[in-house]
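The chain below stands alone, shown as structure tokens; this is the form predicted on its own.
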């Protein structure tokens, strides 16, 4: 059974979670939070950037949500691939993946992290810049 390190508030984890469910891949979720410091230590060892999600499949370690999704397409489940087999369609899928990562999820994450800070440490400029990026992306 594959293992996935992540956090339910993280959009990049959700991308992998969707692929796991679409492909009906059984998995063990390893929560990254203060109650499970060993999971944070594992991610720090397994991922050069210390970021998640991280997928463990026997002796294979796969990092970065897009790479994990393509790995699942190749090695797990019988559903149609999340990334199309046609190279032209795959380019469009990867392009949209990058747009959502960089111009939707990244600004949303900045907004969430800002909201989680103590009120006196929140930065209204962060919200203004992130909202501007989201407005462009949604258009």
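Keep in mind that this is a model prediction, so the values were computed, not measured. Residue numbers count along the first chain shown, from 1.
Just so you know, the form predicted together with a small molecule exists too; it's not on screen, but the next bit is about it.
Contact annotation for the candidate site: 92, 103 and 138 all lie away from the small molecule in the predicted complex (no heavy atom within 4.5 Å). Think of it this way: in the predicted complex, the small molecule has a heavy atom of just one of 17, 11, 127, 25 within 4.5 Å, and the residue is 11. Among residues of the shown chain, residue 114 is not one whose heavy atoms approach the small molecule to within 4.5 Å in the predicted complex. At least one heavy atom of residue 53 is located within 4.5 Å of the small molecule in the predicted complex.
In the predicted complex, at least one heavy atom of residue 64 sits within 4.5 Å of the small molecule.
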